[in-house]
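In the form predicted on its own, a lone chain appears below as structure tokens.
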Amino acid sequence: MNVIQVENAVKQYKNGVQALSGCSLYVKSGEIFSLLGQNGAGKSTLIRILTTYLRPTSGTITVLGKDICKEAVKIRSQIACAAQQTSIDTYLSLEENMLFQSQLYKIPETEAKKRMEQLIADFGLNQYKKYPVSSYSGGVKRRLDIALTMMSNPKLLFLDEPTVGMDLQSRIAMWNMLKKIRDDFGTTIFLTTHYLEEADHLSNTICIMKDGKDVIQGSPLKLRSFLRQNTLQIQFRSDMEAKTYLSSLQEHFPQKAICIKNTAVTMITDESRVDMEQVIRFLLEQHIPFYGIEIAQPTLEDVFLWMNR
């Protein structure tokens, strides 16, 4: 069952800016769905529409089987959203924050306290109960913020950049928590992220957007298999060097798809060994000071780069 169906969605603002240009995507029940795209791709607009803050200009969109335009109130009672800015009141204690959230959703007090204790335990927040919320680290505040959204027992949870600014340890803790929400609570999670390894590690399904449209959607494995060929990665000492010699390689190998990846120039190749010999010969003849060259299997980052080049 699809909990979200977006078909040919268009959103044009009054100032003429068109944020969505025929976007279509589908989210299955009980999965973690990641939305990727560069700034300006239309991710924020799409989430604001799916969470009923905006109305689309045209297109057909259903959330939990309900029309986004006609049944917005019913949808809001079954979804939750955690934005990049946390909604925690630092003047309240951890428990006061959670009980206040339950009051907003008119959850009976006995049920609210039972749910609160479960969430505190499940999200590893017990050790923080005696400390003021204002003293929490960013990662713990983020965990509490998501625990607050779970007080209403939503069927669908929207997360905007849930691990932005976190250190690696906090990010791993958040990943484990999101898997627990999916597996133990049966909640479908729709998230945006700029961390490709995060989408690869967490997601059942990934969708890449560009210029207001969906470019490709599927499992991480399916997206990687989209680039069936290997890649040649020509390593330079810096990203500036890679950019300097990119045009020379593009001019000499016009039939190849070539782009920048950090400090390397990456080339999709059908015949990796033959192409590698030709590239090395060209680099040596042109006295281009490359640092190394290797044949590699495509990663999710490669897919993202090719889709957005």
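Quantities reported herein were computed from a predicted structural model and do not represent experimental measurements. Numbering starts at 1 and follows the sequence shown.
The discussion below concerns the form predicted in complex with a small molecule, not included here.
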query	finding
Among the candidates Leu300, Ala19, Ala9, Leu25, the residue which, in the model of the complex, approaches the small molecule to within 4.5 Å (heavy atoms)	Ala19
Contact residue in the model of the complex, from Met267, Ile61, Val279, Ala41 (heavy atom within 4.5 Å of the small molecule)	Ala41
Which of 270-278, 41-49, 61-69, 248-256 sits within 4.5 Å of the small molecule in the model of the complex, heavy atom basis	41-49
Tyr13, heavy atom within 4.5 angstroms of the small molecule in the model of the complex	yes
In the model of the complex, Arg76 touching the small molecule (heavy atom, 4.5 Å)	no
Residue contact check: Asp145 to the small molecule in the model of the complex, 4.5 Å heavy atom	no
Distance check, Asp200 to the small molecule in the model of the complex, heavy atom within 4.5 Å	no
